[in-house]
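Coming up is one lone chain in C-alpha cells, specifically the form predicted alone.
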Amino acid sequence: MASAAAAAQCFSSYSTSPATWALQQRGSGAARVFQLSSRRSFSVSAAADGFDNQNREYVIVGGGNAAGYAARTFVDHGMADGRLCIVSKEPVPPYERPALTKGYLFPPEKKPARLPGFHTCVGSGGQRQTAEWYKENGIEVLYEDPVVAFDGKTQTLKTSSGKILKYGSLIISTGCEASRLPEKIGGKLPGVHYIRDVADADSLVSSLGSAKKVLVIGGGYIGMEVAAAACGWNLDTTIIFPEDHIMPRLFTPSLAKKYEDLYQQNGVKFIKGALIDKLEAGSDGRVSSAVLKDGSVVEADTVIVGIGAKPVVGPFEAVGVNPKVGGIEVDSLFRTSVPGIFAIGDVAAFPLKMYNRIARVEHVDHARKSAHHCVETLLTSQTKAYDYLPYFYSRVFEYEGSSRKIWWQFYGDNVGETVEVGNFDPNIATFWIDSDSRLKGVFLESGTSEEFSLLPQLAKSQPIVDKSKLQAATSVEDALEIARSSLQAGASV
C-alpha cells in the first residue's frame, strides 16, 4: 500500500487527491526559524492611526469549524467578552461541516440534519454555539464579510464591505475551498454541484428532490458519502473516478472491493479508470450528460464534483505559504513566522511530530484540536508541541430504512504491508505493519465503542506485532486482542 505521502499526488489535470482525508506532507528539510513572540504590540486607542472604534484585541479570520472551537476556548479562558471578533464569509455561525455530506443530504422523510442542530461544538459534546451564544459571550461576528486585504505592518484587515479592522493577535482559519472543473468544460453548468458550505448543500438537496440520474465525479470521501445519500432518494447513481478502486489513498484493493460490493447492492454503478472530457447541457441549459475521455457518454441531470480541495491562503500569502503541501506554515504551537499571527485547521501546514514531517490535515478532528492548542498557546504560557495522531472516519447509509449502516475509523499512517481480518459481515479490520514489525496504522469497520477506543492507543504506541498471528486470526475480535496484547507487552518492556 502506498504511503499517504505518495497518495497526495494529483491524479489528473482536473482531479486532485481527496484531501479531505489525505495527509499532504513533505520530509523534514532545513529547519525554519519561527518567532517566539506570541503577540504583536497593540493599543486599544488608535484614533491617531485612523482606526477609531475599529480595534480588536483578537481576530479570527474564517467562520468554519476551527473558528467555532477557537471561540469556545477563548470563552473557557474568560478572554472573549468584548475582545474577540470573528470575520466570516458565511451567513451563519460556525457549524460541524461533516454533516453536509452525510445527514444533511437525507431526503425530507428520513429526518435530515438541519441547522441549528449541528452548530459547533456539538460534534465533541459541547454547547450548541448559535448566534445567540456568540452574543451572550460578547463575541462580535461579522457575517458575509470576508477579509479581502491584509497589512502585516500596520496589523490591519480590510473586509469586502470596506470595514477596516486593527488586530492585536490574528488567527487565520480560512480552511479550504472545493476544487472545481473548469468552466470551459461545463464546470459551472446548472445542476453541477460542489459541497463546501450550507448553501452548497441546500442547492444539492433541491436538485436531488427532482433528479433522476445522478453522476458523482470522484471516488474519495465526498464521492462515497454523497453517493450513499443519493441511495436514500432511490436515484439512479453512478460514480466515476480515474483510479482502479474507491478511496485509493487509504483503502487496499481488497478492502475497497467490500465497500464497492455494498454500494452496488444499493444500486450504485461504478466507472473506474475514467476521466471527464466535458459536461454537456441539454436544451434547457442544465447539465444533461458527461462525455468521457474515451468518447463514451453518461447521462445525468445532477452532477456532484468531489475532486479534492485547496487551502484558502489569500490574502495572507505574505505570512508564509509552504510550497510543498500548501497552506500557511506554522510551528508546533501554530505560530507563523510573523509575531502575533497564527494559523489553524485545514489551512495550517504544521509539523506532524510523530512522523517527523510537515503536513496539512483536512479533517474535523484536527480542526477542533488545532484550534484549542493554538488558543491555549496564545492565552497561556503553554509551550507543549502539538502532537497530532492522524484520524479519519466515515459514517454513511445512516438514514431510516437503510439495510446496512456503515461506520469506519482509521488511525495512524497507511504505510507497510497489510493484514486484513474479517468478512465485512459486519466488521472488518486492516492492519498496516512496517518492515520492523511495528503497527503503523489500523482500520476498523463496525466496531464496538471499546474496540474503536483501542485504535488510537495502537497507532500512537506503534507496538511490535506478530504478523503471522494476525494473519492466523479467525475474527476481528481475535485480531484486536492480539494487537492489544502486543501493546501491553511493549509497555512492560
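None of the values given here were measured: they were computed from a predicted structure. A residue's number is simply how far along the shown sequence it sits, counting from 1.
Below: the form predicted in complex with a small molecule, not depicted.
Within 4.5 Å of the small molecule in the predicted bound form, counting heavy atoms only, one of 307-315, 372-380, 333-341, 206-214 shows up; tell me which.
Going by heavy atoms within 4.5 Å, the stretch is 307-315.
Which of Lys166, His363, Arg72, His193 has a heavy atom within 4.5 Å of the small molecule in the predicted bound form?
Exactly one listed residue reaches within 4.5 Å, namely His363.
Identify which of Asp236, Glu417, Glu243, Asp76 has a heavy atom within 4.5 Å of the small molecule in the predicted bound form; exactly one of them does.
Contact check passes for Glu243.
Please tell me whether any heavy atom belonging to Leu275 falls inside 4.5 Å of a heavy atom of the small molecule, as the geometry stands in the predicted bound form.
Because a heavy atom of Leu275 falls inside 4.5 Å of the small molecule in the predicted bound form, the answer is yes.
Test of understanding: in the predicted bound form, would Gln155 fall inside 4.5 Å of the small molecule by heavy atoms?
No, Gln155 is distant from the partner.
Contact flag, Gly223 vs the small molecule in the predicted bound form, heavy atom cut 4.5 Å:
Heavy-atom contact with the small molecule at 4.5 Å: present for Gly223.
Given that the partner is absent here, does Ser394 sit within 4.5 Å of the small molecule in the predicted bound form, heavy atoms only?
Yes, Ser394 lies within 4.5 Å of the small molecule in the predicted bound form.
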